[in-house]
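The chain that follows stands alone, in the form predicted alone, written as structure tokens.
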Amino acid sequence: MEFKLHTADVAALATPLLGVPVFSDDGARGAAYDEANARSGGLLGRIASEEGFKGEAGKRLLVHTPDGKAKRILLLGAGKAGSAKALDQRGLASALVKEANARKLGAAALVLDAEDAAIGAAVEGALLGAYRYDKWKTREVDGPTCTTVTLAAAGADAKALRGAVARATAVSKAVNLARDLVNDPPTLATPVRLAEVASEIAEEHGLEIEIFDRAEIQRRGMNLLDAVGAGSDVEPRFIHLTYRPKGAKTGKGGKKTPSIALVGKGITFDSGGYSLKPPASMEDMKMDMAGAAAVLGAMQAIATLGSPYVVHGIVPSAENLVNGAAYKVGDIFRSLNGKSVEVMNTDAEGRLILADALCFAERLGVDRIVDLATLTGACVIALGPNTAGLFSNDEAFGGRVRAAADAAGESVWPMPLEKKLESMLKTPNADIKNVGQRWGGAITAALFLKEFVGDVTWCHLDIAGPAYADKADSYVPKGGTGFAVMTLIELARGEI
């Protein structure tokens, strides 16, 4: 999709479809709407009144115009003016592009405020809203027709806006990469394939990369990752990408450049192992690597956009299947840091592979760790399908992660690391077991992970709800959403 900038009078813009934001405030529908209505001789206002269009958020109304350079005007409900944010442009741009594609138009234009944030959000909305996963379909596939979007921001600085467009394009590509990986069939998106994608990202963007096969995983003592992957004919992989800013300091004889590790759960298919899931619960389990997909997407964008920090992207990946070699309930394994773990449920495998990965990140000497995982259904029950649970051993860092999510337009909510629940993970047979009781499942899962980060400042995001959508909403598609990619990118550019 090509983006053009129009910084002159909108009246001079010729387009088959012009999107005009409309606020729902009585008597104050916004300058863009007032101007468009005046040019139409009051036609827009009359039609809006007849159709009961009041500018509520998410509503839209298409009007064909007999005169003027814009052949059609799409009135886009923007809600109350007082609550409007730059990120709202994502939804408006997404609606515009969808309307253009539905009418098989090759181009569209959107009236915007002349600010970088609004321009960037509009680009993201157009690219994310146009996303489709249809590469396997042979029937009823109408490809997108809208290939050009003009951003109409009168009086804006064209040079600054081009920078906003470039950044938003890189962010959107990263999110859509994560979506593709989650949506791909599990026989295609295996641990081996994730390693191949990581290698492609590293080669294209100049990142450092290490990939461990099963033999190396065993040699290094990542026994939990090895155990989870033992039931599959496809071997597990451990992926380590590194971004270093120019002039990064190692700390030898001077100051060290701050560093952060992004760790993503990469279970590419989860049958539950011997703690077998019922068929209905297995249907969407190709999405159990959404944390890994988010880390790979974020690393691609960070390599493009830069960061003041050394950023490590870490992905432990395996298939949780059943064969004669699969790990069993009652098995005990030592993690990378030597702690023994008794397996009481083979369907609580994500925390096992993350444990080894968190130990690995801690040994790198990083200053901060963020892990992302579709970890527990309990978190979805607690917070619903749109919000991730945020757990942290440091209140200030947890607040910074939440601020990054807010800036990215993604929903996270702080959850407690309730110390009283630690007793649920005790076992007489090992240092810790991998599940607690039914109650507080998201919390006990986070408490388990906490055992493997040492003294490093750490944050865990349980993204089980928002990583995969049952239905499309605005610029978020059905299926893989790419959730948390934008949060990680935002975190890597701000204060950690």
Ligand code: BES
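Numbers for residues come from their place in the sequence shown, where the first is 1. All of these numbers come straight from a predicted model, not from anything done at the bench.
This next part talks about the form predicted together with this ligand, which is not shown.
With the partner omitted here, the residue from M287, V111, V341, V123 that has a non-hydrogen atom within 4.5 angstroms of this ligand in the predicted bound form is M287.
Exactly one listed residue, out of G330, P385, P245, G377, brings a non-hydrogen atom to within 4.5 Å of this ligand in the predicted bound form: G377. Only one segment in the set 264 to 272, 421 to 429, 247 to 255, 203 to 211 has residues whose heavy atoms sit within 4.5 Å of this ligand in the predicted bound form; it is 264 to 272. With a 4.5 Å cutoff on heavy atoms, T187 does not count as touching this ligand in the predicted bound form; it lies far away. This ligand in the predicted bound form is not approached by L44, whose heavy atoms all lie more than 4.5 angstroms from it. Interface residue remark: V435 is counted as part of the site for this ligand in the predicted bound form, having a heavy atom within 4.5 Å.
Although the partner is absent here, E349 lies within 4.5 Å of this ligand in the predicted bound form, judged by heavy atoms. Highlighted residues V20, K98 and T147: none comes within 4.5 Å of this ligand in the predicted bound form, counting any heavy atom. The partner is not shown here, and in the predicted bound form the stretch 244 to 262 never reaches within 4.5 angstroms of this ligand through any heavy atom.
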